[in-house]
Structure formats: structure tokens, C-alpha cells
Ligand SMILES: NC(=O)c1ccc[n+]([C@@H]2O[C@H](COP(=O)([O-])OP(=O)(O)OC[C@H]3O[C@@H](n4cnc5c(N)ncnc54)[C@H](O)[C@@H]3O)[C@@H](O)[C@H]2O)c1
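First, one chain by itself in C-alpha cells, the form predicted on its own.
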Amino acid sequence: MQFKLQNKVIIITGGAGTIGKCFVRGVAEKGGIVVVADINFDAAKSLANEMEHEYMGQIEAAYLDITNKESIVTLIADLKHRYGVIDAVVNNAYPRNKNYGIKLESVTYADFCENVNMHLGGYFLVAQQFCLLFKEQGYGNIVNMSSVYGSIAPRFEVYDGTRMTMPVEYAAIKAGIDHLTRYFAQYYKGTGLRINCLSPGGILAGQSNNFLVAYNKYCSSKGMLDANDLLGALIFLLSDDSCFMTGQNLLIDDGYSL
């Protein structure tokens, strides 16, 4: 079965990022009209221009700060005015402050709160505001990007001998996103809205060979994934083929969480 998104208007927050770029192309390939919504408007515009020759009239750039209600409301109003409807939004942005990613003992209360507020709080704000429109339309679809680390405890041993760690904020944020998904799905049950979650394992992004060897020992076949490996699940969740799914969390991790 080939899932189709023909003429569906789909916003991808953080669309100019590593995973976002992959999602933009994947949605466009399935016939969707994609809005690359990013706080880095120049990067979003560059991506839209780069893909325009392949997907003429299907991709546009938009400025979006997911932590700012006015920014979200402005985008919704503009797209509704021009397209009449919005079919789906992918909560994919990854805001974080300059101290993000340090080890537990060094994380300050202020930094912890700021990172949770921006990321989890931003996803809440996007979902809250888009659901108001979706309820008015009588339908709508949200896919929240979580992580395998929203479902399992960190495997700290894979970071031994590297400068990397699994940030404590990340664990709290992603676990929060998992339950935020269930909350919204339950709250809007019976209204035509669907809210689901996609939880990837690790994505290749220039990690050291030592880390990859340690990480891949927990996997089934491929190990660390490419962003493209998430596309099948994302397109399924955005398509009408998953019309009876809501409040669910799909883990795409090559068995890492087992």
C-alpha cells in the first residue's frame, strides 16, 4: 500500500533542520503541500527555493517561533486565508539553549526549566493553537516527534569514552511529549482530530565510530538510523490510511529499546 498525501496542507515545524528537510521532501514526494516552518527563516527559504524545481508550487517557507503564541496564530491565520484548510502539523522543532547537552551534575535549575519550557512547552503551544482550528474544521492531524528515550531509561554506557551524554532535559521533554500526545488525543476524542507520536532511535549525525559501535550492539540489523528511515511511519500517520489511529506512539529504533 502506498500512502498518499495528495494536496494535503502540512506544516513541518523545524522544517529546515536535519530531520525536517527529510520530512519536507518525503511529504512533497507523496503529493502534499508543505510549509517549512522554522525560526531560521533564511534556512527555510533556502530549502524551499532548492526544492521548488522538483516540487513546483508544493513547498513554501514560513517563519515560526513555537514558543511564541502570536507567531503560531499568525501562521495559522495566513495559511487558513490562503488555503482554506490546514490538514496536519508535524511538531518537529528542537529548540534548546546554549548550555543544553551537559552532564547531569552541571545542569542548573534555570537551564533545565528553560529547555523544558522551550521544547515541551513549544509543542504544547503548537498543539493547543492548531487544535482550535482543527476542531473548527471538524478534522485535523498532529504528529509529535518524541524519542525512544521518552519510553526507556537512557543507556549511559553507549556514551562511555565520548564527550556525549543523554541530556536530562531531553528525557523529561520526550517523556512529556509522549503523555501530552495521549492527553490531547483523549481530550479531543470524537471531534475528528487525531494526535499521534513518532519516536525514533538515534539518527546518524557525524557521531564517532566508538559511539556507533556501542550503540549498534543494542540494535537488530542496521543500527543507528538515517532520517529517511522515519519517512514510512511519518507518511502513514499523516495519511488517511491511519484514520483510526490516535493517541499512539510508534517507535522506529531497529530494536534499540528492546
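Just so it is clear, the structure is predicted and the values come from calculations on it, not from any experiment. Each residue number is its position in the shown sequence, starting from 1.
Unshown form predicted in complex with the ligand; subsequent notes refer to it.
| query | Does the ligand come within 4.5 Å of any heavy atom of Asp65 in the predicted bound form? | reply | Result yes; Asp65 sits at the interface with the ligand in the predicted bound form.
| message | Test of understanding: in the predicted bound form, would Ala16 fall inside 4.5 Å of the ligand by heavy atoms? | response | Contact with the ligand, yes.
| query | Is Asn115 close enough to touch the ligand in the predicted bound form, meaning at least one heavy atom pair within 4.5 Å? | reply | No, Asn115 stays farther than 4.5 Å from the ligand in the predicted bound form.
| query | Should Tyr94 be counted as a contact of the ligand in the predicted bound form, where contact means heavy atoms within 4.5 Å? | reply | It does: once the ligand is placed as it appears in the predicted bound form, Tyr94 has a heavy atom within 4.5 Å of it.
| query | Quick one: of Ile39, Ala28, Ala214, Leu231, which gets a non-hydrogen atom within 4.5 angstroms of the ligand in the predicted bound form? | reply | Exactly one listed residue reaches within 4.5 Å, namely Ile39.
| request: Determine which one of 129-137, 107-115, 78-86, 142-150 lies within 4.5 Å of the ligand in the predicted bound form, judging by heavy atom distances; exactly one does. | output: This holds for exactly one stretch, 142-150.
| What residues, if any, in 176-213 have a non-hydrogen atom within 4.5 angstroms of the ligand in the predicted bound form? | Result: Pro200, Gly201, Gly202, Ile203.
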